[in-house]
Each structure stands twice: as structure tokens, then as C-alpha cells.
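To begin, one chain is listed below as C-alpha cells, in the form predicted alone.
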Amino acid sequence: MNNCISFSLKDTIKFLKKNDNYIILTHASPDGDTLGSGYALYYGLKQLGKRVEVICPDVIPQDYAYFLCETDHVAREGATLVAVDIADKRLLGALEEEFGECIDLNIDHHVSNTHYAKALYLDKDASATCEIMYEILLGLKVKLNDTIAQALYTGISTDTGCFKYSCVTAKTHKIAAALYDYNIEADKINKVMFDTKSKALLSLERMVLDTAEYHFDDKCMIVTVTAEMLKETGCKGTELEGITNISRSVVGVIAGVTIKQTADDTFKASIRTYEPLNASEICKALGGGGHKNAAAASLKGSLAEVKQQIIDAIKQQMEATNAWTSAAR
């Protein structure tokens, strides 16, 4: 942890007003929240006469094309760097080497944030970074429009599982309701994000279910996505986000784990939990982090070694919380 300054909403608004050239960074394997908050901020700062560039370390899926645009090219020297929805500089992926040590402002909602930026505006009670961005844009006196509202709604909807997760509050619904004043076409957004699957994804889901294994009296379910499966089905990008929900949907499971191979000896573990378990604490023990009910970590080793590390971390949490006696969901 460096000497990171904690910003309030007022501090953040003041900071964004005073600078002129911005580079907004989103995280690798981009989702609706990092893209929605990044582009909403882009449009807002452009209204204020700033030069702004949005950079994503990976190819952005076409699912989000309805609020994307070609942004400015901003010279690196003298630019103000803003990271959105990025709890750890490692999530910058291919951008970490260039930008990881020089982020001026981080806007985030993850309780596991590592305070890597020079300044941080963190609202751990927000359901999504887009919820925070809505308040920032209002504070900047930005005039919201259909495109900004679509970006913000996308981030909130996707990070809350279409308003199903425990992170949702009355404030979340109030902001979403305000966004309905614009032509956001929420039904179309939610259909794309939640209700449609490609044939390739259906094939992958079948393979993933065949890998399912249970531990701790069936309270933990682990499924695996290997590189070979991805190659065979052609699945990639945001299509894989729905896979993490397979293990959390089984009755009695309070720890759902999805292990995805990202390189020969590297795997990403996505962990979803229910009371009394804490996914963030489990992933912290594995070198990652996230939210209480949804977190992730990157691990190196063989699949068997990685799986055992995850099982050990979950066992430690189960013992610490006496989860053995928790009632079935």
C-alpha cells in the first residue's frame, strides 16, 4: 500500500474539474461496470471541454457497442490518469507495466481495493462503480443524455445480476429509476446481458457441468473451464461471465467456484458465496479480492495444485464461520 489519499465525493468532483487532459483506464476482461463507468465519465468530461481518452487492455465485446464511441488521443505526458472499477493494479492486465505506478485517481466500490493510486474515491456500499459515477456526474453539473444513461444503467444492471444480488440497496433502485427518464431501452440491454446465449456457450456449459465436483458435505461446488474447452467451443470474452453463476445456483451450495484457465500454468478462480461465508476473505487468502459475495483471484500451478489451494482457503473460512452447521439455502 502506498501513500494513497482518500477522496470524498466533493474532493473527486473538484479534482475532475481542475484538470484538462484525461486518460480513463478500464480493467482487463472488461465488464459492464468498468466500461459503463469509464464511458459515462468520458462523455461527462467532454461536456466540460476536456480532452479524454478511454483505454481498455483487451478487445471490448460488441455487446456494449450501443454506448461506445471513438475517444480522443491524449498524450501520455501530462495526462491525468483515472482508473475506474479497478480494485488492484494487476487488473490492468497488459496496461499494468505502463500505467500501474502512476494512477492519479481511482474510483471504485470494491472493499478489497489495494489503495494503489495516488488518490482513491471508494464507496464500498455502492452496488456498482456506475452508481458512484452517477453522483459524480451530477456533482459536475453534467447534463445526462440517453447514451450516458445507457452506460450507467448497463454497469448497475450487470454488477447486480439484474438487481438480484445482496449489494442492491434502495439507493440503487432510485438511481436506476432516474435513468428510466431517458431512452435507455432497459429491456433490450437486459436481454443481451442476461437472456441470450450462443450455441457455443451452451456447448461450453455442458462441458463445464461434466467437471462439477462437490466438497464439504456438498456445500461447495467447483467447476472448471480449461483452455482446451475454450478452443473447442470458441467461447471468449463476456460470454464466460454467465459460467460463474452455474455453481451458485445449486441448492445447498454456499461456496460456488469457477476455475478458468488463462495460461498454461495460470488459473482465475471466481468465487461466489452465501452466508456465512465471505468470498472476499477467501480470495484475499489466495492473493485476490472482491466483494463479500463475489470475488476472484489468480493462481499459478497445475490445475490440481490450484484446486487444492482453493479448497484449503474455503475450508479455513468454513471453520472460522462455523459454516458446517448453516442451513441449506
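Take the two forms, find the largest set of C-alpha atoms that superpose within 1.5 Å, and that set is the rigid core. One-based numbering along the sequence shown. Since the model is a prediction, treat every value here as computed from it, not as a measurement.
Although it is not shown, the form predicted in complex with another copy of the chain is what the next lines describe.
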{"property": "Options 184-192, 67-75, 131-139, 89-97; stretch whose heavy atom lies within 4.5 Å of another copy of the chain in the predicted complex", "result": "184-192"}
{"property": "4.5 Å heavy atom contact, residue 216 and another copy of the chain in the predicted complex", "result": "no"}
{"property": "In the predicted complex, residue 236 touching another copy of the chain (heavy atom, 4.5 Å)", "result": "no"}
{"property": "Interface membership of residue 145, another copy of the chain in the predicted complex, 4.5 Å heavy atom rule", "result": "no"}
{"property": "Residue 210: touches another copy of the chain in the predicted complex, heavy atom cutoff 4.5 angstroms", "result": "yes"}
{"property": "Position in contact with another copy of the chain when the complex is considered in the predicted complex, options 79, 168, 229, 259, heavy atoms within 4.5 Å", "result": "168"}
{"property": "164, 197 and 249 each touching another copy of the chain in the predicted complex (heavy atom, 4.5 Å)", "result": "yes"}
{"property": "Core-aligned C-alpha movement of residue 212 between this form and the one not shown, 2 Å or more", "result": "yes"}
{"property": "Displaced residue check between this form and the one not shown: residue 252, CA, 2 Å or over, core reference", "result": "yes"}
